[in-house]
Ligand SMILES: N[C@@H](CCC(=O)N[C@@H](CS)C(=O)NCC(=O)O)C(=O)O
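A single chain, nothing else alongside it, follows as structure tokens in the form predicted alone.
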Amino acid sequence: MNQETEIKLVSFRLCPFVQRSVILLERKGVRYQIEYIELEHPPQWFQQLSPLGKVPLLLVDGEVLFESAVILDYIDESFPPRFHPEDNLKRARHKAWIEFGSSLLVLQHELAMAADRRVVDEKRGDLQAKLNYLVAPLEEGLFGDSVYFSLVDAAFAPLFMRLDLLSRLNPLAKVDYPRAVAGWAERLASLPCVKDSVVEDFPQRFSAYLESKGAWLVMAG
């Protein structure tokens, strides 16, 4: 597929799932447009296009794709270079870890939106326990490294970015990463495709959103 294809993402400014697609597009050097909507008050045209009422949407020459994992696969299959492994089993393992990353993003959101200290402690503990599962595949070299980039990298970078911001807003949100995970998170944060995948005032918007929702971490911070 050539770059004459018109690629447009639809999202809202804080969505971690669309950020995955932006990271991948940036890494591949694909030209794209992005339109932000207010998800709590979506325009009618968005409701007509999105069967699930969720972002991201990817418009490809006007055709609609939805679900972030599907969008990642489409981008990777359509624009070189490929970042999914050629080996079927290894590729399937990568996809499984991407889904695991999605579950951690849900936990991170629950931590961020917690209404009291008890829930904060519970969700932080859940995250710390689940992050231990990443040690073995990281030590195996299953994901990317300083040379090789993978879709798993794109899938986890938004999680680490948000956990870092939460820890800055309130130290009680700080998740203690295993050493291998800490190194991975630091490497991903340094990548230009990750740095350029959010709006410039993302930290301020993130904090303001949590405050507007009465999140305990911000109100007590």
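Just so it is clear, the structure is predicted and the values come from calculations on it, not from any experiment. One-based numbering along the sequence shown.
Omitted from view is the form predicted in complex with the ligand, to which the following refers.
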The ligand contact in the predicted bound form: residue 206, any heavy atom under 4.5 Å: no
Residue 53: touches the ligand in the predicted bound form, heavy atom cutoff 4.5 angstroms: yes
Residue 67, heavy atom within 4.5 angstroms of the ligand in the predicted bound form: yes
4.5 angstroms heavy atom contact with the ligand in the predicted bound form for residue 39: yes
Partner-contacting position among 24, 9, 15, 198 - heavy atom within 4.5 Å of the ligand in the predicted bound form: 15
Region of this chain that lies against the ligand in the predicted bound form, out of 26-34, 53-61, 152-160, 186-194 [heavy atom, 4.5 Å]: 53-61
